[in-house]
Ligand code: GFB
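First, one chain by itself: the form predicted alone, in C-alpha cells.
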C-alpha cells in the first residue's frame, strides 16, 4: 500500500490549516489542505505541533560559590546563546534550607517536587586544609551520604543527566604529573584530605556502575581550585584565596600584620568561578560521556601561594606588615592537572569561543566584591 498525503477539496478548520502549513514548512511544499493517512512522516507531527521538550535543571548547592556563578552566567549571557538560558529551560537553585541531602527522605522529596530532567550536583561538605585534616571521617561520611542520595534519587526519578562536582584532591598523592582523567584511582590520595577525597572518588565509581547497570547518563567534573564572588570567607574553614582575602581585610582594618600560613611556596591552578560556571553549562549541554573532565586553566598557569598573597595585598591596597608563618603546614607542594581533554572539546568551529579570565583580573574583581559585600558575605563573623 502506497503512503501519500491525500488532499480533499474541503477545509479542515484551524487544526487542519495548522497541520497544512506545518507540513509545508517541513517538506518545502506549497500550502495544502491535507490530512495525514498512515505515512512515514507521521512521527513528525508531535515535533511540529509541540515546542521543544522542557528541561528542568536542578542545581544543588545553588547558593554557594559555583552555584551563584552559574546563576549569574545563565541570567546575564544572551538568551539562547551557548551559555545563556534557553527558552525551553527552567533553572532551579536549591540550598540546605530546602532540605538536607544527607537525609534520603529529604532528597527524595526535593526530586519529587522539582522533577528535574538534569542535575548539576554541587552540594558538599567542604573546608580548607586544616579542617580537612581534623575531620576526616566527618568529611567522608557526610559527603558519601549526600552523593549517594542525589544519584539514587536521580535514578529513581528518571533524571536524564547528572553532573557531579569532584576535586583534584581525588588524585593520588604519589603519581606522575600532570594529572589527567585516567589517573584518579592509581593510588591513595594525600593524607591531608583523605576523607573528602575518598568520598568524591566514590562518585566516579557510582557513575560507571549506574551506567553499566541502568544505562544512566551520570558523569562528573574535576575543577581545580575555585575562587570568586560569593565564596566562603570564614577563617575556620575557608579555602586559601577567600581566607587570605579576609585575613588581609582584617589586618588592614585593625592595623595588624598580615600573616600567611605556610611558606608560600606551594603551587596551585586557580579557576575563576564564572569561568567554571560556563564550563559546567557546556558539559551539561554538549558533553555525553561517563568519564570525568578536568575543568582547569593550563599547567603553565600555576600560581604560588606567595603570588596569590602578593596579588591580594595589591588589590586590597594593604600597606602594613606582611609575613609567612612557616610553622604552619603547606599541604601538597603542587598537583598540576592537564586540561588537554577539555581544550580538545570546548572550542569548536561556529560556537561561541570560551576563554579563561586572567588570574589577576579575576582576583581584583573578587576582592572588590568582598569589600562591597562584607556585611552579607559568609565570613563567620557575627555582624
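All values derive from a computational prediction rather than experimental measurement. Residue numbers count along the first chain shown, from 1.
The protein also exists as the form predicted in complex with the ligand; that form is not presented, and the subsequent description refers to it.
Residue contact check for residue 193: one or more of its heavy atoms lie within 4.5 Å of the ligand in the model of the complex. In the model of the complex, the ligand lies within 4.5 Å of some heavy atom of residue 130. Contact between residue 266 and the ligand in the model of the complex is found at the 4.5 Å heavy atom cutoff. At a distance threshold of 4.5 angstroms between non-hydrogen atoms, residue 157 is out of contact with the ligand in the model of the complex. Exactly one of the stretches 121-129, 83-91, 173-181, 210-218 approaches the ligand in the model of the complex with heavy atoms within 4.5 Å, and it is 121-129.
When the ligand is considered in the model of the complex, only one residue from 281, 260, 151, 294 comes within 4.5 Å through any heavy atom, namely 260. In terms of contact with the ligand in the model of the complex, the residue from 329, 358, 343, 54 that brings a heavy atom within 4.5 Å is 329.
Counting a residue when any of its non-hydrogen atoms is within 4.5 Å of the ligand in the model of the complex, there are no hits in 68-83.
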